[in-house]
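Here we start with a single chain on its own, the form predicted alone, put down as structure tokens.
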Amino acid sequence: MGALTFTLKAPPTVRVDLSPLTPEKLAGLKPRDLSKLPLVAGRDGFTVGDLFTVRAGDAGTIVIDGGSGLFDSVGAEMGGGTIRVTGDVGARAGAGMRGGRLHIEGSAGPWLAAGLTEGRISVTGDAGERVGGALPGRMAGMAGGILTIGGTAGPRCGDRMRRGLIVAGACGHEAGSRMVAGTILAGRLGPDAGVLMKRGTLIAGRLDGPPPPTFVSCGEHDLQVLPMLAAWVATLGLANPPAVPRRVTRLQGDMAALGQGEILLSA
């Protein structure tokens, strides 16, 4: 049996919450029942059948054929299985995800992977602000799992991140802000990277602008872990993975916070 497929009939004109479309929530439902499921959208809401043509299949693998920047919370709170989206998604994709795989063949909005604890999320395009960060009112951001972004992650990538790995082609300004632990690997970091980070590691080929004034240079190093990380990143299947530098300049900080984090830049 093939994947359970939702084919978009026409692009939406209001924001739509697609969090009900996850493998565990749809298991055992027949196509006619799926079409009647309500979706929160605008003032009046929709049913699944209003937006999509449903093709029966194994609910363990879901395909959303046709994306939109107005599709919010795709894969949110997902606990297992696979979701593949052929197109863009909106805010909070994979937020609170506890397992499984979410693959987005397009770009994603803000708060991608916010609060991710386990599983893997991949985005072929760009992502919005606070990727892997903390949702409003929450104390912690991403706490595990793997997130890969083929393009550029927006500002404050990894804000309040506690654990896990983010790999991106580039990150906007203030990547790793208020970071508690975890690793961010990017080809390039924007200005003010690591602001108020307590622990964790940022790795990049270069940093836009001068190093943060509250970080201390610890000189150049050949770290044994970096070739191991490079070999592991190569297994993730990225089209253009950022290079893991072999020799790095290590900056320790943020000394305005706990000061046990680090930025590793290609020497």
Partner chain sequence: MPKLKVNGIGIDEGFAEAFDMAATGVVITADTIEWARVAAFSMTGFATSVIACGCEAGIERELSPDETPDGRPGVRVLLFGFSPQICETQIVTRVGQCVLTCAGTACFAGLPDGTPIKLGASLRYFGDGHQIAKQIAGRRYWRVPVMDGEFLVEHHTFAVEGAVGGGNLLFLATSRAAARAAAEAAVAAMRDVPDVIMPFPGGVVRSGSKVGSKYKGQPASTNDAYCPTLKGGVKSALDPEIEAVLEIVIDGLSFAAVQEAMRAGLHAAAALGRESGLRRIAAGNYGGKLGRHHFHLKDLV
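Everything quoted here is computed from the prediction, not taken from an experiment. Positions refer to the first chain, counted from 1.
In what follows, reference is made to the form predicted together with the partner chain, a form of this protein that is not presented.
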### Close approach of residue 201 to the partner chain in the predicted bound form, 4.5 Å, heavy atom
yes
### Message
Against the partner chain in the predicted bound form, would residue 225 count as a contact residue? Criterion: heavy atoms within 4.5 Å.
### Response
yes
### Query
in the predicted bound form, does residue 250 have a heavy atom within 4.5 Å of the partner chain?
yes
### Query
Hey, in the predicted bound form, does residue 56 get a heavy atom within 4.5 angstroms of the partner chain?
no
### Message
in the predicted bound form, does every one of 163, 183 and 262 come within 4.5 Å of the partner chain, counting any heavy atom?
### Response
yes
### Query
Given that the partner chain is left out here, which of 229, 238, 40, 218 has a heavy atom within 4.5 Å of it in the predicted bound form?
229
### Task
Pick the stretch from 26-34, 65-73, 41-49, 229-237 whose residues have a heavy atom within 4.5 Å of the partner chain in the predicted bound form.
229-237
